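One chain is shown next in structure tokens, namely the form predicted on its own.
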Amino acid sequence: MPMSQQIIFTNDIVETLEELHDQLKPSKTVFFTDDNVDEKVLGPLISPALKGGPLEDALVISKDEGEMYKTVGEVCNVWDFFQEEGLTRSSLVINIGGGVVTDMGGFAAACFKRGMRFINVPTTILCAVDAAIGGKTGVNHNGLKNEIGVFREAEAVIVSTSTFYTLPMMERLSGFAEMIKHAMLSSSEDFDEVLDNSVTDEDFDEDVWLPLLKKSIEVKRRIVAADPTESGLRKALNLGHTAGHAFESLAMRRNRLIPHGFAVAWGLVVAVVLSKMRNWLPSNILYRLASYVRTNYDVFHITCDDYPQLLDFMHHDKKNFDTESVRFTLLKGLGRPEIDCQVSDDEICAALDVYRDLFGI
């Protein structure tokens, strides 16, 4: 799967969509979104501007908002809609929303008729720097994150800060966690730059955010271009995700949803603890990261009694070669990822102990 998707930075979403529509010449076009984005972005901001243009008659399918609806059953409903409306392989799906929407919409398009084209328009920072880019699509299954999916790139990703101004602070923080991860995979200079910028400022300063977003996206693009199907280097992007996904799964088991980026932030701390234990990563990196995460992301409360469930979730992580071992991405240093690190249950439990100490739980 070559890295071929266009990433377009613009604040004129409608004009860009119309230009892409003219280039792709689809037989039919459908917007896929969720109810929240339909109400706040697609309906009031985008749809009125489509009047009189080539996308005026585009179909719209809107799903319930939330991670709990990212299931095979919900995708089947989307496929039913595609069938009923007569979509073909030459049709086009425009996914506009956060990561749940681009994951689901991309998966639905990639499988229907063995592959329709799609465009991603991320409306959250998290989606812009992570889910919308790189060709991963999928849904959750039996309480496990992204258990079913395929690699399929969008024709284009339209990144527009115009959709970020009204994001709640929790959504900004969630996206910023992935930017921290990318900075750690890049260099100590990028790590310092990201943590020196306050994501909690009430004003969304485009002059500050746009360069940071571009730099973060470029880190992911370089890695994906070198390894599109995650056979090697791309596994570096899993930094923080092995423990992070386990935290998310435990939260779902508790009937409490947590933002993906928050789980990644806590997972990064666990990964850096393991990196210090194994690779003698400098303590100042761990303490600075843990302090930033604790200040901005609060803490995910766990006790020793939760360790067996967390270990079970980690053993079933799709990145493992088997269910007997757990594979982590760790760091030899900032900008020096180490992939496929086989970590024992005892080491994981020791890292979780340190995590709890760092967060005072």
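Residues carry their position along the shown sequence, with the first being 1. Just so it is clear, the structure is predicted and the values come from calculations on it, not from any experiment.
We do not show the form predicted in complex with a further copy of the same chain, though everything after this point is about it.
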One stretch from 119 to 127, 167 to 175, 268 to 276, 143 to 151 that, in the model of the complex, holds residues within 4.5 Å of a further copy of the same chain by heavy atom: 143 to 151
Candidate spot Asp192, Leu195 and His260, all three in 4.5 Å heavy atom range of a further copy of the same chain in the model of the complex? no
Assert contact residue (a further copy of the same chain, in the model of the complex, non-hydrogen atom within 4.5 Å, options Arg254, Lys214, Arg222, Arg89) equals Arg89
Ok, Ile133, Val100, Ala110, Ile158: which has a heavy atom sitting within 4.5 Å of a further copy of the same chain in the model of the complex? Ala110
Tell me, yes or no, whether Ala226 is in contact with a further copy of the same chain in the model of the complex, where a contact means a heavy atom of each within 4.5 Å. no
Hey, in the model of the complex, is Ser283 touching a further copy of the same chain, heavy atoms inside 4.5 Å? no
Partner proximity in the model of the complex: Gln83 to a further copy of the same chain, non-hydrogen atom cutoff 4.5 Å: yes
Does Trp79 reach a further copy of the same chain in the model of the complex if we count a contact as any heavy atom within 4.5 Å? yes
